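First, one chain by itself: the form predicted alone, in structure tokens.
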């Protein structure tokens, strides 16, 4: 009979621990956990409410900069978003509607990020060996001397 009491105590202890774990899990784990996988589904909405959207896309830029947008869509950069070079729209147009001049990197390093000759890039993609492409030192606004970034063909 002593063995039965010991087994009963262990079973009772395991049942109590299981009940405490399930009760604690019910209070501690959010209701949206596991709704869309192994994360809190409500966190997406929470993050959207905490952080205002910064990027808006090229169509939003075209609302005010129609002439530049036409040049861009007709040129080689038609598939490149304005925000790649000019930064996010949220840094340019604030939530209250005020406009701040965006910081634009006009140095060769911005162009070189995409157009520097790298072996892994497709052969049809326009690439340049900067030292051979430029007559003189590769520094400053050297790309802008010959190219308009919105329609870059010389």
Partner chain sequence: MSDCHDGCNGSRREFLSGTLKLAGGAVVTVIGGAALASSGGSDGAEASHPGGGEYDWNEHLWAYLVDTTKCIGCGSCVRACKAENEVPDGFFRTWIERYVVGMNDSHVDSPSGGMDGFPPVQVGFAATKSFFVPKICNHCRATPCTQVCPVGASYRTKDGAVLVDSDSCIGCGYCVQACPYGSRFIHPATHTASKCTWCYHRITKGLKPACVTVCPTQARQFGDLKKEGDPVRGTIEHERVQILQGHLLTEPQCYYTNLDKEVR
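Quick caveat, the model's predicted, so the values are computed rather than measured. Residue numbers count along the first chain shown, from 1. In this text, rigid core is short for the largest set of C-alphas that superpose within 1.5 Å between two forms.
A second form of this protein, the form predicted in complex with the partner chain, is not displayed here; the remarks below concern that form.
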Q.
Considering non-hydrogen atoms and a 4.5 Å limit, does the partner chain approach residue 116 in the model of the complex?
A. yes
Q) Using 4.5 Å between non-hydrogen atoms, is residue 48 touching the partner chain in the model of the complex? A) yes
(Q) Residue-level question: is residue 35 within 4.5 Å of the partner chain in the model of the complex, judged on heavy atoms? (A) yes
Q: May I ask you to check whether residue 101 falls inside a 4.5 Å heavy atom distance of the partner chain in the model of the complex?
A: no
Q | in the model of the complex, the residue from 65, 94, 106, 121 that sits within 4.5 Å of the partner chain by heavy atoms | A | 121
Q.
Does residue 38 move appreciably between this form and the one not shown, meaning a CA displacement of 2 Å or more on the superposed rigid core?
A. yes
Q | Sense of the change in Cα distance from residue 44 to residue 54 in the model of the complex - at least 3 Å versus the shown form | A | farther
Q) Given a CA distance change of at least 3 Å, are residue 56 and residue 44 closer or farther in the model of the complex? A) farther
